[in-house]
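Below you will find one chain, with nothing else, as structure tokens; this is the form predicted alone, and questions on how it binds or moves follow later.
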């Protein structure tokens, strides 16, 4: 059975897309810790990040780097933090989170509640920045 992320890539479930390539997909987290909180995934379903084939792994992190640079060019923050948990969805993924202090990356913190229009505005701005890189 396909993971929720595969269903997003295939368009079965809507997402606020940031960027897409032949092998990767980046989209806004719908339960964000901060505005611009983005998930980056390989399109190929692999449960555990360290099971991703070496070349795809390197390319995944390069895609995440470009995505992170696009985020920080649009969202005011000191840095874009990166976390790989891999426990919530059985599909390797990277969290990119705009931060100003370490506690901004705590998944114990309350999630933001954003309106559809705000998600659309944020994703459009980051997608545009990504396209210019």
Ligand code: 5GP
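Numbering follows the first chain given and starts at 1. The model shown is predicted, which means the values in this text are computed figures rather than measured ones.
Quick note: we don't show the form predicted in complex with the named molecule, though the next part is all about it.
Colleague: So which of 99, 46, 39, 75 reaches within 4.5 angstroms of the named molecule in the predicted bound form, heavy atom to heavy atom?
Modeller: Contact residue from the list: 39.
Colleague: Answer with yes or no whether residue 93 is in contact with the named molecule in the predicted bound form, where contact means some heavy atom within 4.5 Å.
Modeller: Yes, residue 93 is a contact residue.
Colleague: Is residue 85 close enough to touch the named molecule in the predicted bound form, meaning at least one heavy atom pair within 4.5 Å?
Modeller: Residue-level check for residue 85: yes, a contact with the named molecule.
Colleague: Should residue 26 be counted as a contact of the named molecule in the predicted bound form, where contact means heavy atoms within 4.5 Å?
Modeller: Output for residue 26 is no: heavy atoms all beyond 4.5 Å of the named molecule.
Colleague: Taking the shortest heavy atom distance, is residue 107 within 4.5 Å of the named molecule in the predicted bound form?
Modeller: Residue 107 belongs to the contact set for the named molecule.
Colleague: Counting only heavy atoms and a 4.5 Å cut-off, does the named molecule in the predicted bound form sit next to every one of 5, 8 and 30?
Modeller: Yes: each residue has a heavy atom within 4.5 Å of the partner.
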